[in-house]
Every structure is written in C-alpha cells, then in structure tokens.
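Next come structure tokens for two forms of one protein chain, structure 1 first, structure 2 second.
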Structure 1
Amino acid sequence: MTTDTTELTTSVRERRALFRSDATQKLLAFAGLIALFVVFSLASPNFFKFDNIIGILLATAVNGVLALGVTFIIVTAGIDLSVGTVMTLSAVMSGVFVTFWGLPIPLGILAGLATGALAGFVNGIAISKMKIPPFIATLGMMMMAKGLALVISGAKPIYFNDTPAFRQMAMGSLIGRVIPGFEVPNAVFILFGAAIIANLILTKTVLGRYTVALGSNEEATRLSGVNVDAWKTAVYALGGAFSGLGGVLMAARLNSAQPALGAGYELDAIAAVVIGGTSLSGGEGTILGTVIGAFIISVLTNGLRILSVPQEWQMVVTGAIVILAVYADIIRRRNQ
C-alpha cells in the first residue's frame, strides 16, 4: 500500500482510494460476523437469546475499548504492547482515588483516563524523541505498568464496595429505565460512544489525518513541515487514554481493581484490530472495522463456549480466524 509519496496531497488521494477498498474489507468482516451469528444460532437454541447477546456485548466492552486505542497506534505503523497492563494500572489508580482517598467517582474515572494517557505519553516520548522502536518502548511500559500496579495496590485488589455508584456507572442500565425490560448495561453504550468519538477523531480531525499520514509515509509527512514527533506522541497518549477507559470499565464490572490481571489483553486487542482490516504496516484502518473485529472475537468465544467446545480447541479456532482474516485482506489488496 505504501507508494512513494512525496507530498501530503498524494497521500490524501491515496486515502480516498483506500476508503473504497476498506469498504470491501468491512463488508467481508461484517459478513463474517453475520455468518458466525447464523451458524451459532442454528447450532444452539441458547445462543440467540437476549441475555446471551447482552453477554456478548458486555464481553466486548473492555477489549473493544482497548482495540480502539490500538487502532490509532497501528495506523501509524506502530504497535502498543502495554495496553493490557496500562489498563490494569489505570484501574488501580481509579481505585486509589475513589477507595483509598475517598474522592468523588468522576475524579476517579478521570484519574484512570489520565493514568492511561500519561503512560501513552511516556510511550510516545520514548518512541518519537528517544527513537526507541515501538515494540521495545511499549514492552518496557508493559512491564513497568504491571510492576507499578502491584506496588501501588500493595499487590492486593482494591474494592469499590463503599461506592456502589462506581459499578452502576458501567453495569447499571440507563436505557432500562427508559424502556423497561431492555436492560442493556451502560458499558455497552460507553463502548459505542467511545467508538463514535474515535471515529470522529480518526476521520474528521487533524490528529486523525496525521495519524494516517504518519503510517503512510512518515518521511514525506516530516518533509511537508509537520511536527512528526509531537503528533506521534499525541497518538500514543490518545491510545493510552483508551486503555485508561478500558481499565475503568474493567474495574467497574469486577467491582474491584485487580492488580494481577491484564497480561495477554493486548494480544486480544491487536487481534481485533487486525481482523478489522487495519494493516500492521500502517496507513490504513477504520474504527468500524476494529469494532467488528472485537465482536467477531467475542461472538466466536461465546459461541464455542455455548457449544461446550473444549477450550484447547477454542484457542485453535480463534488463532485460525486471525490468520484467515489477515490472509483475506492480503488477497483483497493483491487484486486491487
């Protein structure tokens, strides 16, 4: 996809062509999602039920939000391995604010988001100013965040028992009050809200445009007078803020900040982004694709569990799907 672009305008034109091809990929991913729904619904009467669909939506919330942040970073041709443990660190900081210090819940949520953004900012500085490859910089952050989460929490979970509103924020259902019986937890709407915001940032703002430009051709972007380092740092900070949101959602759902969780969550998030058609070589990717990718993973996991498929095989199937999705993407590009 990376042609020799010397001017930003070419990259914009390229992007337009790209959107058309993205549409195919999204269609493919969406068709895959529908196909999974149909197969599982036929295979088990217990799959297509209101409660189970809510279960799938809820199971997607944390991974989906993490994947939104990772999308931005992968579009710049970077990678973020620290999302899982930064999520945990953010959850712990929310716990410190709300439970240890007794501060109001909105401040606790803000603390979670800010912790994520700060960790992302440090990643960004390490990558753009110190020229450390993203893989290494975020690997370092992954370990640091894990350690800090354990140190700050004293290696013990922090509970939100004194502040039931914290859990209600994600697990309560505002819409259930408006439409009785339609008890969809707020976390699901938080995911969709975050996705809409992410989409606006990626498609309608300068930050979004530079995110794509950085991934398409960083050198050309630099030559056209863009402060590449600053924008890259901003992208990592934004990605970190989404990890922070993921941490807040996880803490709310578990009613506790569990300092030992988080390892491996980055890989699920990256898988969701890749299934959604975002290229690891950067320069292209859509939020809708990522959301669909995250849902494909949840539907697959849920459906295989409903069918009582042994867990060992669930992993094999999920892995195969990731490879197939990327292969489909490669075929599509070759045919372009």
Structure 2
Amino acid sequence: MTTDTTELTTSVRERRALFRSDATQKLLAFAGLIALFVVFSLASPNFFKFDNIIGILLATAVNGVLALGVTFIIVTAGIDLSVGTVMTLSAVMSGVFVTFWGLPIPLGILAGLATGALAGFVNGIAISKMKIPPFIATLGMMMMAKGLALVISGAKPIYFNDTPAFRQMAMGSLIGRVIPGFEVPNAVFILFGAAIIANLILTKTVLGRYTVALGSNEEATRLSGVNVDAWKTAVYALGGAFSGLGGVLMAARLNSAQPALGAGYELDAIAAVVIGGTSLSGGEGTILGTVIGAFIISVLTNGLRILSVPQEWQMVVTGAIVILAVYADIIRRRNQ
C-alpha cells in the first residue's frame, strides 16, 4: 500500500511539473510575441498600421494551418518535410476540379483536402509499414508532390478568374459586413476554426491520446495492444489533410494555383511548431503554442522586412530563433 501511494504521489508530482513547464513555455512564447510587436512598433510607424496587421494575419493563416498538421506529426516524434509541396499539389488539384473541369467549388475544396490526406496517408504507410525513416519518406514525398504539381498543371499557373467566389472564400470578409470597417479576411477565421478543431482532436479524442502516447514511448504503446502502425498512419494522413487545407487557402488568397510555389513552407511550419513549445523528441505539444509560434514567425518576417533587413539576414535570424527554441526544450526536459 505504501509503495502504491508513493508511486501515485510521484506520478501526480510529475504531471504537475509537466503542466507548469508547458504553461511556462506558452507564457514565454506569448511574451516573446508581445515583445516583437512592441519593438517593431517602436522601430517603425508603419508596422502597427491596420493594413500591415491584416497582412500579418493573412501570412499566418496559411503557415499556421500547415503548422497545425505538423504539430501532430512532431508530437509522435516524427517529421514531415513534404507539407509545402503537398500544399501546392492540393492547390493544383483544386484548380483542376474548379477551373479545368468546371465542378462546384465545394468539390474543389474537397479535392484539395483529399489530395493532402492521401499524400499524408502514403507517408504514413511508408513510415509505419515499410519502416522508412520519416525524414527520407517525407523527403521523397516532397519531390513527388512537386513533380506531380508541375505535370498536372502543365507547369503553368491555374487561375480562378471565372470563379470569383473561390477567392472570396478566403479573402472576403463576413465580419466586415457585420462590422463596417473591420475587414478581416475569412482566411484568418478559418485558421482559428482549424486550430479549435485540431485542439479538440489532440486533447479530446482517441487519436489525440495515441498521438501523445506514440511520441512518449512507442514500444510501450505497442506492447499495451495498440495498433501502432495504423494510428501512426492516421496521424500522417491528418497532417496531410491540414496541408490540403493550406493549399486551398493559398490558392484562394492568390486567386491561382502556382505549381512552382511551396518549397520552404515546411521550414516555416516546423519552426512555428518548435517555437511554440512542441518537443522534437515527441510526447509534448499544444495547438495554442503552435498558433503563437506561427504568429511569431509572421511578425518577425514582416517586421524585419519593414525595417528593410535583407532577406538572407531574415533567414539567419529565424534560424537562430529555432536553434534557441530547441535548446530551451532540451534544458526544460533535462530539468524535468
């Protein structure tokens, strides 16, 4: 009895310590976001203008949606390098359905989501069944998706000029009709809606619990009778679906599907997840932290651009922040 009580007490203490650590991580990330806003607002009067804030929100919408899917994958201690080009392929497929075939817009949206989910499913099968390391499997998918996007589109952009409602889906403002002058694009609210859904999946569903379990101790999860391969495949398919949503948003924002676009987006998405406190070692991560991390990336990029910092130095600064975020996670785990 004494041993059981001691183990229970220890477990409770560990959970409380982990909760405090996660809360501190999110608080620090949010404080960093506020600090960036203050610094850039003082450095340039153009930063805090309404149009610039809307630009930051739009930039975060696509990167944030991609980062939501990557969160699930990194929580399992995996990685996905294909989210950027899968986003592009999904946008192209939406363009094929809506522009080439003249099908209704909802079917075009479903085509984009399904394309992303299928690419994620293939990644999951390659990783779970074929035992290919995630880095290699998703690197291969990255190149495949890029090639397919170019082949299917004929290496030319697909425009949605005949379907203005497609662009309005993301760039229109429903709230602007209710509150005149408050023209916040729908894409921003789609991001927040997707974040709410992602948070519910991660915290309230079986898939979410197994996502955390896989990252915490995959072998123990397997020995407890869980079909690890099936759930891991489901996680990658879910991540791909978020990439598909990102592709639809990107196509609507640009009013076109650009087949050469996409490379590099995976780095921003992964950076947002890491900065938000998700551990690359797996087993830990929150959707709220990811959203904060996505805003940090967008604010940092936008602020440096307004200050006329060369793009190559912007990349240096972002890379340094990612390294510091990973190092902070290592220190945090060591202290635990």
Partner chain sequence: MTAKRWLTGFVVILAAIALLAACGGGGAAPAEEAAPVEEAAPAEEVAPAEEAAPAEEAAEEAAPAEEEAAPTEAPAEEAAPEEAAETPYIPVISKGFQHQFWQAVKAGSEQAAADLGVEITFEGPESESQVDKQLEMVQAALAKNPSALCIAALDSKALIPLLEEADAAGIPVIGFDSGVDSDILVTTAATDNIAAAGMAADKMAELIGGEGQVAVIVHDQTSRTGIDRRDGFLNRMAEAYPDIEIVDVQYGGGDHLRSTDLAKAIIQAHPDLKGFFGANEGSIIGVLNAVTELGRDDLVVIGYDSGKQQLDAIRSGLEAGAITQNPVGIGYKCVEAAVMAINGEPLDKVIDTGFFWYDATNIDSEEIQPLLYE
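Whichever C-alpha set is largest while still superposing within 1.5 Å between the two forms counts as the rigid core. Computed from a prediction, not measured in an experiment: that's the story for all the values here. Start at 1 and count along the sequence of structure 1; that gives the residue numbers used here.
Asker: Looking for the form predicted in complex with the partner chain among these two structures; is it 1 or 2?
Answerer: It is structure 1; that copy is the form predicted in complex with the partner chain.
Asker: So with the core overlaid, does the Cα of Val309 end up 2 Å or more away between structure 1 and structure 2?
Answerer: Yes, the C-alpha position differs by at least 2 Å between structure 1 and structure 2.
Asker: Keeping the rigid core superposed, can you check how far the CA atom of Asp329 moves between structure 1 and structure 2, in angstrom?
Answerer: Its alpha carbon moves by 3.0 Å.
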